[in-house]
Structures are given as C-alpha cells and as structure tokens.
Ligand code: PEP
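Take a look at this single chain in structure tokens; it is the form predicted alone.
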Amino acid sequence: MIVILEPNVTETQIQNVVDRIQAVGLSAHLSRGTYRTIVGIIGDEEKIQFEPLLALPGVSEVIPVLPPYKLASREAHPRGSIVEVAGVKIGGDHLALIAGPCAVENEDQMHRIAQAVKQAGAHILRGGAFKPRTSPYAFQGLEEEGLKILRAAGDAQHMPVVTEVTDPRCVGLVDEYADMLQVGARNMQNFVLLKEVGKVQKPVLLKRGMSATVTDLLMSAEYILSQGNSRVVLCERGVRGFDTKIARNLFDVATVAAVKQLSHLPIIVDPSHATGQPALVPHCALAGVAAGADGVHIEVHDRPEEAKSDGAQALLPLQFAALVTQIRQLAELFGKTLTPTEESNRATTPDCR
C-alpha cells in the first residue's frame, strides 16, 4: 500500500501520516519527488484501515499496490535478482547445478561423491549434517561432525557447500561451515528459524513446503528478506500428490514460471525429492530448466544401496554426468550458462569449536 500526499502537504502533515502508520507496528518509507511525496507502507496491511488514512490532512490517495510479500515481489524489484554463493551465481543468465548425497555419512563417502559431481560439472556441493526425519529412529545426521566432513570435501574440490539447518539454535553453527544455508520443506513455515537465517549474511536456499501454496512460499521468503538478508533462492521440490505409486510428490513445474512473474528471487528445482524415482529425475530436471529455473538440485550417491537416507532416489555419478550434458545443451537454447563466473574463495576449512 502506498499513500500519495497532496502537492502542498506540510511537514507536520507528513509526520502525522508516518506516526499513524508506525503506531500500528508498520514501517513507513518516505519518497520525496519533485511534485509529490509518497509514503510506502511495509508490513501486514491488515493492521491499518484504508479509510482512516484517506481522511488524514494532506493525503490525496491511498493505493494498494503490492502483494503481501512486498520485498519478494516483482513489483518491488522489477529486475530478477542474482544470488552469489562463494563465486557461483544463481539467477539471470547463470544456471547453477547443486549435487551431492542426501546425508553426510563419512569422510570417504563424501570425498568420493564430491569429486564425482565436480568432474561431472556441479557447481555447489550438497550434503545433510542435520536430517529431519519422519521416524525418530531413522538416521538423524552426524551434526557438527558432518559439517566438518562436508566443509573439507567442498574445500578439496574448491566447491561451495550447502546444507540444511533445522533448528534456530544451530544457525550460528551451520553458518560457520556452510556457504549457503538450506531451509527444508518441513521447516518452510518455521518462522523463528526463518528470522534467524534472515539475520545472517549467507545465501539461503528455501524449499517449498509439501502442502504450501506459491503465496505461502513467497511469504516465507518475505520473513528472511524482512530481517535484512536479500540473498534468497527458492526451490520447487514437489507438493503432496495422491498418486504416490508413480512419484513421491507432485512436481509442480508451473510454479517455476509463476514465480518468475510474481517475484524477482531466483528459483531452482529439486526433481529428486519431487519424484523420488531416479528414472524420472532427468526428465523433470530438464522440464524445470525449460520452464525457466535458475538451477537444478540433484541427489547423487555412488553406492545408493548403502545410503543412510534417500538412497532410492539418488542418481549414480554417471547418470548425473549424462544429465549435466543434457542440461548444458538445453541451457544454451535459453541463453544461460552453467559455468561459474569465478572460483570459490573458500580454500581452507574454518577453525572448529
């Protein structure tokens, strides 16, 4: 919502409008033009009524302009944003490949897979150190030890790393090791966690919740943006479907095109979680790129039968390499490049606590 003031508005009247907005807990952004002064309202517009504002002295018009996700909207930022992860750009003409195992299991496993995905053309290494699982008896991750292993594997291949943070209390710890913090589908509406990752300056990979609408996803991004962190990458990873015999989830590829119209934030696709079927992953990855995705997130494991988490949906390294070749060819048709603009500047493992 914006408030357009009269040409002859006084400073007292301007301050009165600002005070009325701030009195209900909203923020007022003042923009002084040559002929008119405009006051932008940021926050939950339901807290303030349209008519009382229009009745204030000096007010000419009150216009609802932006959707509730103001900072994430395309109207607020007409040009698409580019998020850089330690030298790797996501967005614009840059298409990023994120690959690695679901979970960090041990040093040997992580280094083997990191080398394989790097040789295949991946830009960012993924691996879970904290694993939110449906069953309390399932493998929950190696936690800080897993972070150390992931960091070392990434450094060995000169690759930035992304890993999931599941608890607001662990944001600082994950921030020490990761180049990008992931908020998973189960935590997309964990608003305390979103605020905490919004306070750090690392890029954030925000996955769509299993039952979330596109508006829900963008509102969750708004939580992060509102805390001062503008480096948010969205991820379409499928929503709850009803034909689970065919695919683990429903891959909503239309979301990619829709988000491109509604938001300036980059969006990538995760066909591994969307389908849960290795045979379907390449097709859905290519569909995502064709729909305008700024990157692809793929689970890769060289020994999926031994994986402690989601081995059944992982591609083998050779399968991933073949997919990268196809993605590269498709990306060229859309004028995108898979090549990072510069090498990662992370070359050493951080001091461990």
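From a predicted model like this one, the values you see are computed outputs, not experimental measurements. The numbering used is simple: start at 1 and walk along the sequence shown.
The form predicted in complex with ligand PEP is left out here; the points below concern that form.
Checking His283, Arg186, Arg169, Arg240 for any heavy atom within 4.5 Å of ligand PEP in the model of the complex turns up a single hit: Arg186. For the options Lys89, Arg151, His273, His123, the one in contact with ligand PEP in the model of the complex, meaning a heavy atom within 4.5 Å, is His273. No residue of the trio Glu84, Asp179 and Gly198 has any heavy atom within 4.5 Å of ligand PEP in the model of the complex.
Comment: 125-133 is the region of 258-266, 111-119, 125-133, 226-234 lying near ligand PEP in the model of the complex, near meaning a non-hydrogen atom within 4.5 Å. When ligand PEP is considered in the model of the complex, Glu105 lies well away from it, no heavy atom lying within 4.5 Å. Within 4.5 Å of some heavy atom of ligand PEP in the model of the complex lies at least one heavy atom of His297. A residue is said to contact a partner when one of its heavy atoms sits within 4.5 Å of a partner heavy atom; His94 fails this definition for ligand PEP in the model of the complex, lying far away. Applying a 4.5 Å heavy atom cutoff to ligand PEP in the model of the complex picks out Glu164 as the lone residue from 141-177.
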